[in-house]
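Okay, here we've got a single chain as structure tokens, the form predicted on its own, with questions on binding and movement later.
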């Protein structure tokens, strides 16, 4: 946090932390060939490499992601949506960052392309090209296939964090419970569950309410929920933001499901 803008750009961006933007398919300058993006990155971070070495490195990485060398000589408008997405992933990981932040990487893609992107990200992890992945998405069914841990946020606050298995099949926080219950997840253990609805709308973040930010939409809200700041509490090996004990919440859920 103490680094200046130039230090962040040269020492952190791309090397320590890299980023796949939400509108990845529109992130490429249409007037530049793909190889130019990689050459610019390498000129900043790996100036000791010759153009031939940069080309060879780029070809190796693109072929790993099932992209042919000819893509490097192409302009963005010559690529399909799926190829653009993979190209952005290749460019974002060319320096083997420790952390890759993927912001809605499958948005605007069809199901087949979504599966391909997930497979590529997992492949990058398995190969060690990236060490960890922060996967931001509203498409909750994808999380079970790509993450170890899930963190659910509501109105700018973390409301629950646990393993993917815990969060999908055994949520504790009322918002997580409703959220997971409002989608169709074709996983074993979720078939036949009742679809849940979440009444109301999220609060305005300019004037967030006191206490629990989900209280106005929560069917279990009490007067204490609207007083003071609600802190995260720990239950076994997970955390959630609610004043009600986890065992009590589970009892309420069980009665509701009957």
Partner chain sequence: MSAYGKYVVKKFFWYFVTLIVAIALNFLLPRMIEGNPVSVIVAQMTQGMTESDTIKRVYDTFAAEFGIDQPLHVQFFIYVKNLLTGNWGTSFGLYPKPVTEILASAIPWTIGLQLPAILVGWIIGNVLGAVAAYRKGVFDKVIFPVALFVNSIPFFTLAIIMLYAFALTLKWFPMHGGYDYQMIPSLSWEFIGSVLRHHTLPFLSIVLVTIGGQAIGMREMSIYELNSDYVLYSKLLGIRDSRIARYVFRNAMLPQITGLALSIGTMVGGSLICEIVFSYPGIGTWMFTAIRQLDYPLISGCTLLIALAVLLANFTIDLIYGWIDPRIKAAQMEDQ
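From a predicted model like this one, the values you see are computed outputs, not experimental measurements. Numbering follows the first chain given and starts at 1.
Just so you know, the form predicted in complex with the partner chain exists too; it's not on screen, but the next bit is about it.
Within 4.5 Å, heavy atoms only, one stretch in 204-212, 30-38, 53-61, 219-227 touches the partner chain in the model of the complex. Which? The contacting stretch is 30-38.
Heavy atom to heavy atom, is residue 91 within 4.5 Å of the partner chain in the model of the complex? Close contact exists here: in the model of the complex, residue 91 approaches the partner chain to within 4.5 Å, heavy atoms only.
Partner contact for residue 245 in the model of the complex: the partner chain, 4.5 angstroms, heavy atom: Output for residue 245 is no: heavy atoms all beyond 4.5 Å of the partner chain.
Is there any non-hydrogen atom of residue 250 lying within 4.5 Å of the partner chain in the model of the complex? No, residue 250 is distant from the partner.
Closest heavy atom of residue 46 to the partner chain in the model of the complex, within 4.5 Å or not? So residue 46 does not count as contacting the partner chain.
Out of 157, 149, 170, 78, which one falls within 4.5 Å of the partner chain in the model of the complex, going by heavy atoms? Only one option qualifies, and that one is 78.
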